[in-house]
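Next comes just one chain, in structure tokens: the form predicted alone.
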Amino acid sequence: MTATEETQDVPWGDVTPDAARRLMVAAVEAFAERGYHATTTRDIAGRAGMSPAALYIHYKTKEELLHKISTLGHTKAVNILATAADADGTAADRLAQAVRSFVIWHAGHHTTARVVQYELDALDAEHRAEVVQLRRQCDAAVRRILDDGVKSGEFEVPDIPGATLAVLSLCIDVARWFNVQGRRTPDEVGASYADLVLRMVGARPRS
């Protein structure tokens, strides 16, 4: 995780005290690099410059730490998509905003997003159910935009649930492959994906 990613627009920017936030940042780095199951609490504490005992002051278990990371990250995702769904403008405008903003966040915070999106199965049943509910809210926001576009005649989408899954999967997968040393910036990828999705749903590309 870069210093920029750590401090700008991350879900836990307001987590306090500072030690709890540092442990969360360290956990994201470790989970992204080694995977949840291969990471120990000692690994996390060491990255944060603390003793393993210090971690348990703020988090009872490694799984609780992952749950907080996942909850905060998915809440951020819900906010991004709901803001676009509730915005003024045509369905095409709102869909483009949703995709662009969602992709930019997943590219700009790709380390964080990989943990948030791909470690769901490591959560216990209760915590997983909570996060799945947040995912359903993401799905509902995109589905609402697509439904509005079909009703207004802007989109040609015979399978709205399937199209919703495709749109979200396309955006989320950016976190897996995006490279900050690559040729395109998060903004450029976001704009490209917004045009791609508009074509996918049968809308005219944005001029």
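Because the structure is a prediction, the values reported are computed rather than measured. The numbering used is simple: start at 1 and walk along the sequence shown.
The following text describes the form predicted in complex with another copy of the chain, which does not appear among the structures shown.
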- Query: With the partner left out of view, is Ala38 within 4.5 angstroms of another copy of the chain in the model of the complex by any non-hydrogen atom?
  - Reply: yes
- Although another copy of the chain is absent from this view, report whether Leu165 comes within 4.5 Å of it in the model of the complex, heavy atoms only. yes
- Query: How about Leu196: is it within 4.5 Å of another copy of the chain in the model of the complex, going by heavy atoms?
  - Reply: yes
- Message: Under a 4.5 Å heavy atom criterion, is Arg34 part of the interface with another copy of the chain in the model of the complex?
- Response: yes
- Task: Decide yes or no: are Asp121, Pro158 and Arg184 jointly within 4.5 Å of another copy of the chain in the model of the complex, with each residue judged by its heavy atoms?
- Result: yes
- Query: Since exactly one of Leu170, Ala140, Val180, Ala54 fits, which has a heavy atom within 4.5 Å of another copy of the chain in the model of the complex?
  - Reply: Leu170
- Item | Candidate stretches 22 to 30, 40 to 48, 59 to 67, 150 to 158 - the one whose heavy atoms come within 4.5 Å of another copy of the chain in the model of the complex | 150 to 158
